[in-house]
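In what follows, one protein chain appears twice in different forms, each by itself as C-alpha cells: structure 1 and structure 2.
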Structure 1
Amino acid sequence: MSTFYERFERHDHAAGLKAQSTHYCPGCGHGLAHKYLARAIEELGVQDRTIAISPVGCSVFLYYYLDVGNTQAAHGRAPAVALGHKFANPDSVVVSYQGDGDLASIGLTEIMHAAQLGVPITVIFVNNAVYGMTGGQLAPTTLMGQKTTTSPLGRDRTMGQPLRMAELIAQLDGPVYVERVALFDAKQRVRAAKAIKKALRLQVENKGFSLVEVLSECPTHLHLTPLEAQRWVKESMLPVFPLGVKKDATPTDWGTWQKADFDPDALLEAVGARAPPVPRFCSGFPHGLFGGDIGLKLAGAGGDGAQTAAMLIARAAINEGFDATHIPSYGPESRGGTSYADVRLAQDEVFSPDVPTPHVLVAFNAPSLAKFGLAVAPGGVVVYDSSVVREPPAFDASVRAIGVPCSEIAAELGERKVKNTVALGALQCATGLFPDETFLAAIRQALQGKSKLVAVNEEAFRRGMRAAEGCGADDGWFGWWI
C-alpha cells in the first residue's frame, strides 16, 4: 500500500491533474523530501504506526499527501506535539516535518528541548534559507548578503549570522543521529534518501532522537529557475552549511515507559471530576436581572483576587446547571495596574465570552473603576472597594454604585486575602444573582483542600452582604429564583 494517497483531495475536488499534483512550486525540494520520507515509511513497514506533524509553513498541507496519522501543529510547536504523541503512544513512529522559519525561529526553544530530551522521534528539517509560505522574508538560515523582502539590501551584521541548526543540535547530549543533506543532484538525493530512512529506522528500533537537515531549493523566492536554484544551493549554501554527518552516536535502547491511560473514567478520577455533586439551590436562571445573558467584569491590581472571584462566580453558575465562561486578562498590569476578568452567564449557551459593556462591575482599586466604570451598561451595578477608592467617578444615573470597605473588613477578619470574598457577598446583596447557598457551596468546593480557610471565607461573604444591605431588596432585585 502506498504511503501517498492515491488522490490528493486538496482542491478542485481532486479531479484531473489536480488529483496528482501538490501545492509546491516547480523546483521546490519539499516534493523530494516527501518522496524519501514516504519510501522509508513503506520500506520499514510502519505506515499504520506513523504520525506526521506538519506545522505552519510551506509543508502545511502535508496531511493531504501522506496516508498516515496526521496532526497539524501551531507555528514552531511541532516538536512539542510530536513528544505528546510519542509519550501517549510509545509504539507510534512520529515525524516532525518542519521548515527553517518554523524550526529555527519561532520553534527554536521547542526543537532544542526536544532534542536534548532525546526521546525517539524523527525530525525532517527543510532549510531553503527563506520564509517561503509567508512571502520570502528573512529566515534564521538566510545567507549573509542574501536579499529577501525584509532585507532588500541583503542580510548584514545587524541581522545576525545564519544559524547552523544541524551543528547546534549535534552538540546536545540527547540526539543520537544528526546529518545535513542536499537535493541538487542525483548523488545528493541518494544520500538524502538514506539519511531520512536511517533517522526513521533509529526511531523504529527505539534508539533515540534523530534530525536530518535537508538543503532545499526555493526557486520562487530566489527568483531563479529550478536549475539555477539547484546551482545556487550548491555554490552558495554549501560553504555556510557543509553537508555530512554531524553526530552518529552509539545508540542504546530507550526501553519502555508507561502508556497513557485513555479510560475516561480514570481521567475524570485523576482530575477530581468524580467529586460528589454540588447541590443546586436555583429554580431558574436570573432573567429578572438582565435577561438571559449576564456579563460581569471583575478588575483590580495583581493580588486583589479578581481572577479568583471571577472563577467562583463562573463555578457557582455551572454548579446550578447554567453555562458560564471566565476569561482572564493579565498582561503587564498584573503587577500594579488593572488586571481583569470577564465572566458570562447564560441559561443555555454563552455565545461570546467578551464583556465590553458589563452589567456588573466589581472594582478593587481606583484605576479599575476609572477604566471600566463608564462602560457599565445602563441599569447596571458597580461594587467597589471603598477602603481604597475614596472618590468614585460619576456614573450614568441608572447605574447603582455600591461602595463596600472590602479591604478593611478583610483586615478585621485577620485575613487580607479574603477581600474578594467580601466583594462577592456585596455583589450578592446588591443583585441577588444566586441564592446565598449557591455562592457558599462554590466557596467550599474551591477550598476543599484548605479547610482552615472555609470559615473565614464564609464569614467574609456574610460580612460583605451585611455591608451592602439595602442595596437591592428595595428595588425588587431579590426573589427571581423563588
Structure 2
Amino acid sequence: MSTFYERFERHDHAAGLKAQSTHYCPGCGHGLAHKYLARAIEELGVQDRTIAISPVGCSVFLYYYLDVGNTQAAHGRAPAVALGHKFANPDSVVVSYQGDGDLASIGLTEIMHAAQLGVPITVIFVNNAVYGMTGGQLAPTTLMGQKTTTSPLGRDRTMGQPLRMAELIAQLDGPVYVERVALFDAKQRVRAAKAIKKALRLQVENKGFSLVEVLSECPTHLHLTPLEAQRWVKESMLPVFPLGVKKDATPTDWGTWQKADFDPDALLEAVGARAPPVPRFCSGFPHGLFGGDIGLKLAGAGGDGAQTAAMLIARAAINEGFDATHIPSYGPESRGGTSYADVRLAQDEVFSPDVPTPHVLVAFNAPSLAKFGLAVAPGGVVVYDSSVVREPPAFDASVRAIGVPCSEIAAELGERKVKNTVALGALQCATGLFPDETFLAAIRQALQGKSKLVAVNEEAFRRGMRAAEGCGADDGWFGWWI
C-alpha cells in the first residue's frame, strides 16, 4: 500500500468519493508533489519516522492524505514547527510542505532562518505564482504583468517583483541541497520526483537542510485548462524561475544529536546545589538592630560592585537560615549607568522586598548619596565612599553617617574593584549585622573556584571594618576583586 491513507477519513469523514479523492481542483500540481513525496517516503522506508507539516493554503489538508505523523502549522510557520519536531525527535524525518504565500511572504523569517540553521529537515516549496485558497490574489512569486484579483491590471513595479526563493536560499551557508523543478511534462516530473527523494534522503542520512521548489500549476486561478496551465508554467514561469540545482554542497554529517539526561546528580551539579551547606555563626536574627526586618540600599554607578555586595549580604543572611531578597535596578545605559540594589532581610519571610526607606544605605558616589541619603530611616546608618564624596549632605540627626575611603583602600590593595568589599566591612563595623565570620564565609562561597581572590577580599573586608573604626592601616595588600 502506498504512503497515502487508504481512506481519507479526515476528508469530510470520507463521505462518498472523498474517501479516495483529494480536495484539489482538477489538474492542480499539489497532487503530484504529494505523490512524489509519498513515493520517496515509501522508497526510503521511513513512513513510520516521517512527520509532515501541513501549511496554510491549498495544501493545508496534506494531513488528510499522507499516512505519516502529521502536524498542521500556522501560516508561514511550518519551518519553525518542523524544527520543533526535529529537535524533539532527531530520528524523525520532518517535511515542511509549503506554498508560495506561506513560505515566501508571511513565513520568510522562518524559512530563511531554518535554512541558515541547516538542521536536517526537508522543505517542499510549491510555487504556483498565485494565492490559491484565498481566491487568486497576488503572491510574492506572481509574475510581472500577471493578473490576479489584487493586481487586476497585472503586477507592476509598485507591487514589487517576484521573489526567487530557491536562489535566495541557495546562497545561504546552511542548506546542503536546493533545486527548482517543475511538473509540466514527463521529463520534469521524473526530475521532480528524483529531487524530492534526494532532499528526503539527505535528511535520512543526517546531512542537512534541503529545499525543493516545485513550479506548479494552479489552473483555477490562472483561468486556464490544466494543459494550458502546464504550458504557462513552461513558457512564462521558467524565464523568471529557471530550473535546476541551485546548491548541492558536498554533504558532511550535520552533527550528532544530544540525548536528554535526567540524572538527579547531574542536575544538582549543573545548578550548583551539590555543595554542603555553609556553616552558621549567628545565634539569632538581629531584631534589635532596627526593630524588625532590615532594609538596605546599595547605590552607585555600574562597576562599583553594588549588586555584588548586595548579593553577598543576601547570601550571608540565607546561609544563616534567614530570608533575604535582592532586587537590582539599573539605569538605561547598558554600561556605566546607575546601579542600585534593594536588599531586605527577615527572620522567616521577607514581605515587601523593595526598600524605599532603607535602614542602611551604602553609597559609592555623590549622586547616589544625594538621591537616597535623605530617605534613610531615622536611626539608620549611611556608609559612603569618602574617596569620591568630599562633601556629604546633612543627614537626619538620628542617622549615623560613616565616610570610608573605599576607593583609596581598594587602590592600595591593588584592585579598585574590591571597594565594595571594603564598604561591606565598614557596614559590618557600623552595624554588627551578623558575625564577621558569616560574611567571610559568604565571601569564600561566592569566590568558589577563584581562590586567589579570597585573600584580597577578606583583607578588603577587614580594612573596611578598621577604617570605619577610624583605625585603617596601610599594610600593602595586593590582589583582585570579587
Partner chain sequence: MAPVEVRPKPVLRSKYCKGCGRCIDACAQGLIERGTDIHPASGLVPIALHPEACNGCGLCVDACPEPYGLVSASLAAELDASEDRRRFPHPRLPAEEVPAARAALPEGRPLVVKGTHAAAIGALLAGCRHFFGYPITPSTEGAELMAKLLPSLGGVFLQAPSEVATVNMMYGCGGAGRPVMTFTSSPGFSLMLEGISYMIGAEVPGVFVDVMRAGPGLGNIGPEQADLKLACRGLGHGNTHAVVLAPATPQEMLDFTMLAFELSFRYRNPVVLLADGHLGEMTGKVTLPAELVRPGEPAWAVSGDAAHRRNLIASILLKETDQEAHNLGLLEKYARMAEGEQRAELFRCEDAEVLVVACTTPARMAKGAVRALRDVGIAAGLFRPQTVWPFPIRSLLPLLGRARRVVVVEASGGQLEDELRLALSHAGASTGVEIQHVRRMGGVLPSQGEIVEAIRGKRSSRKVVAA
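For clarity, every value in this text was computed on a predicted model and none was experimentally measured. Throughout, residue numbering runs from 1 along the sequence of structure 1. Take the two forms, superpose them, and find the largest set of C-alpha atoms that agree within 1.5 Å; that set is the rigid core.
Q: Report the structure number, 1 or 2, for the form predicted in complex with the partner chain.
A: Structure 2 is the matching one, since it is the form predicted in complex with the partner chain.
Q: Can you say which of 39, 353, 152, 259 is at the hinge when one rigid part swings against the other between structure 1 and structure 2?
A: Considering the domain motion between structure 1 and structure 2, the hinge residue is 259.
Q: Once the larger parts are superposed on C-alpha atoms, what angle in degrees does the smaller rigid part turn through between structure 1 and structure 2?
A: From C-alpha superpositions, the smaller part turns by 50 degrees.
Q: So with the rigid core superposed, the C-alpha of residue 13 shifts by how many Å between structure 1 and structure 2?
A: Its C-alpha moves by 3.7 Å once the cores are overlaid.
Q: Keeping the rigid core superposed, can you check how far the CA atom of residue 453 moves between structure 1 and structure 2, in angstrom?
A: In the core superposition between structure 1 and structure 2, the C-alpha of residue 453 moves 28.4 Å.
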